[in-house]
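One chain comes next, on its own, written as structure tokens: the form predicted on its own.
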Amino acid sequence: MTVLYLAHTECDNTLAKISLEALGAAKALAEGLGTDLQVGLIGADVAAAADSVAGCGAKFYGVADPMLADGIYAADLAAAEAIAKASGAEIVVAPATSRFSRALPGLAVRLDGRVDTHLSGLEAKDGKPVARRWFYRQRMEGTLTREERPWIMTLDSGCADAFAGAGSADVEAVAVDLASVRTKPAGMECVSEDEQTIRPDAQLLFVAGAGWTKKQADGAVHVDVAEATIKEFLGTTKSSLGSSKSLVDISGEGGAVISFLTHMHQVGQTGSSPRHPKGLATCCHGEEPHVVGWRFIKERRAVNTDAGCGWAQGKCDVLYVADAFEIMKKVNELLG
């Protein structure tokens, strides 16, 4: 049984953090199974990426082509298929990037295998690969294994330690004919760092709750002040922005809204479960549907005017019973 780690390069020909985490998990799985690890890389140029992880001691395969600079489904699928067939691997581990989340289910179909996506962990038990996955909105973690081969698995970010170990890699080039791929990339438009508010690798997650848009002590709503305060904090700290469901849904109820918040920012039972080292919740009630999305945050703090809110029931490390408008205004002044 051979384990193949499959990854794509970023626009600067490097490997993203989530890709390095998946490599760490794949290497540990191969060691647990007592088998060989192989690495397959696709991109416009894979040499630098291969050298950056050469310390893993694996055999390297690569498909390098300008068509693979951007995420084109047909091109990614063809390259992944060629590497998988060249390696003959029975287990394929890859990062759950948006690019591979599109392409790798198709790879399982082409290879007549099976695929499991968004896994939270991998390990070897009794000589078999075992995957872990969250169910029921991250309330239960289940384990599963499969007999079908090849078994293709994608691992979510924050679930493994990133591999580190550079060197000099000898990459075996795998030939792929991409001439038949009809889709042509028109270009890539990236959001500027100042406009970006969802930052998975940020050290801090700042979550805004519905209290920001409610009437304040003077009986008035100050959404404009809320927007300016939050934007200033995000711009200074480069933290990631999250939101409670009640806030992103408030527009449907005819309430005042914070213009730069979308459902993509939603954290909690019906949103995402980020994995930042620290988290600060403001104007959130801290009840179970919201807190469930915080279970992977290592240090949790909250600001709420209610000393008896859900956060006070042992759901955060520190609760500041205060007005978030005043607290964050002072924080911005100190940061400035």
Partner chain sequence: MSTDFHIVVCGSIVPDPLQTLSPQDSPQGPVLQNEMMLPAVLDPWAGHALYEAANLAKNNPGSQVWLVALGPKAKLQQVMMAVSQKAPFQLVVADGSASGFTDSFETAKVLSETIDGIAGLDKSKMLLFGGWQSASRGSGAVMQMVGEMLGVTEQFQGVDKITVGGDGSIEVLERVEGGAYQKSVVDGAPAVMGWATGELPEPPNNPQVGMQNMQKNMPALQQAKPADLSGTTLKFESVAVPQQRRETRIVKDASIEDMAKEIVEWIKG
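Note that the structure is a prediction, hence the values are computed from the model and not measured. The term rigid core refers to the maximal set of C-alpha atoms that superpose within 1.5 Å between the two forms. Positions refer to the first chain, counted from 1.
One more form of this protein exists, namely the form predicted together with the partner chain; it is left out here, but the text below deals with it.
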- line: Checked Ala226, Leu247, Val115, Ala202 for heavy atoms within 4.5 Å of the partner chain in the predicted bound form; positive is Val115
- request: Select, from the options 211-219, 106-114, 167-175, 85-93, the stretch whose residues sit within 4.5 angstroms of the partner chain in the predicted bound form by heavy atom distance.
  value: 106-114
field: Contact test, all of Arg139, Thr183 and His263, partner the partner chain in the predicted bound form, heavy atom 4.5 Å
entry: yes
query: With the partner left out of view, is Leu280 within 4.5 angstroms of the partner chain in the predicted bound form by any non-hydrogen atom?
result: yes
query: Do Lys231 and the partner chain come within 4.5 Å of each other in the predicted bound form, heavy atoms counted?
result: no
task: Report whether the minimum heavy atom distance between Ala322 and the partner chain in the predicted bound form is within 4.5 Å.
output: yes
- prompt: At the 4.5 Å heavy atom threshold, is Glu148 in contact with the partner chain in the predicted bound form?
  reply: yes
- prompt: Within 319-336, which residues have a heavy atom closer than or equal to 4.5 Å from the partner chain in the predicted bound form?
  reply: Leu319, Tyr320, Val321, Ala322, Glu326, Ile327, Lys330, Val331, Leu334, Leu335
- prompt: Has the Cα of Gly34 moved 2 Å or more between the shown form and the other one, judged after a core fit?
  reply: no
Rigid core fit then Lys59 CA moved by 2 Å or more between the shown form and the other one: no
field: Core-aligned C-alpha movement of Ala44 between the shown form and the other one reaching 2 Å
entry: no
